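Okay, so here's just one chain, in structure tokens, the form predicted alone.
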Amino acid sequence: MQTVKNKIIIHEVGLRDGLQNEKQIVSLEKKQHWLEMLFAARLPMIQVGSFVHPDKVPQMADTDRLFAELNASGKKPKNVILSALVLNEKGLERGLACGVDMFCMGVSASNTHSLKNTGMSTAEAVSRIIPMAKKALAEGKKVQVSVQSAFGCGFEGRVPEQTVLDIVKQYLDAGLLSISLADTAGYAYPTQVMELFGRIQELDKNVECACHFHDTFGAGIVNCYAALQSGVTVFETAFGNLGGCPFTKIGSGNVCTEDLVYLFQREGFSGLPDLEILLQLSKDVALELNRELSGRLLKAGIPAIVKE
């Protein structure tokens, strides 16, 4: 199944998943500057942060203020969706109070990862996430639910496909049709990606699939291409290849936003974010964090063949 050429959505998660594993705390002002650059680059969907305990993830301590000031400033373009990750009911209440457009919430298919990440078993997390999602929808918000560690777990190893599908079916039965599969440990491979997304689409033809791949073993971008071939339309990526879950065994970067945009541009997709601005942003992030980032385009530059 081929994705329609104008339906690709890049969901930029650098400000959340990209920064949450960084030791250096980035200031509110710098995050606001980066958000303005993402607006200028025409990112249609941006994850601003997460509503988690500041002691566990100090990088996200200013998420409430960031949303509140952003909404008050009037700087957000009307066609941009601002998302946030929530793990529990308190996080949802915080997000509703400060103007989140879309709530991302999920359950790990690995019980071990679920306990480390949220303090809940997989079964308990499902029983709480679904009512939370319904409440957000009732408040007029967009909701994306996810299955984390969907392709394997750094602690448990192989995750049965049926475990993932059972969680997805509970989402679908609850009327939750925007579903992301997250490769938290970076174990996914293309055949597995195509098979799993194919089976999900067989469950409900109206499902909107998203993917979130980590590049732990170098397969992130090829897994995105496999997801593309499977009809996936939403791709969660981070500028500069930043990121990694603090509560998995090996935290590693997300698929790099500018690298994936370059690939899709070469494939003939239109309406994509601006590569030049994305590269300027990643360069500024590298300066702020005082380290080299691993994005391929950041190192090689935009090839002349794209500029022709």
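In case it trips you up, residue 1 is the first one in the sequence shown, and so on. In this text, all values refer to a predicted model and were calculated from it rather than measured experimentally.
Not on display, but discussed next: the form predicted in complex with another copy of the chain.
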Fill in: Partner contact for Ile179 in the predicted bound form: another copy of the chain, 4.5 angstroms, heavy atom
no
Item to complete: May I ask you to check whether Glu195 falls inside a 4.5 Å heavy atom distance of another copy of the chain in the predicted bound form?
Response: no
Practice prompt. Report yes if any heavy atom of Ile25 sits within 4.5 Å of a heavy atom of another copy of the chain in the predicted bound form; otherwise report no.
Written response: no
Worksheet item: Looking at the partner-bound form in the predicted bound form, is Leu263 within 4.5 Å of another copy of the chain by any heavy atom?
Response: yes
Worksheet, complete the sentence: Only hit among Pro77, Gly175, Gly218, Gly140 for heavy atom within 4.5 Å of another copy of the chain in the predicted bound form is Gly218
Discussion item. Only one of Asp274, Glu267, Glu36, Glu69 gets a heavy atom within 4.5 Å of another copy of the chain in the predicted bound form. Which one?
Written reply: Glu267
Practice prompt. Give a yes or no on whether each residue among Phe151, Arg158 and Pro303 has a heavy atom within 4.5 Å of another copy of the chain in the predicted bound form.
Written response: yes
Worksheet item: Only one of 167-175, 186-194, 113-121, 97-105 gets a heavy atom within 4.5 Å of another copy of the chain in the predicted bound form; which is it?
Response: 186-194
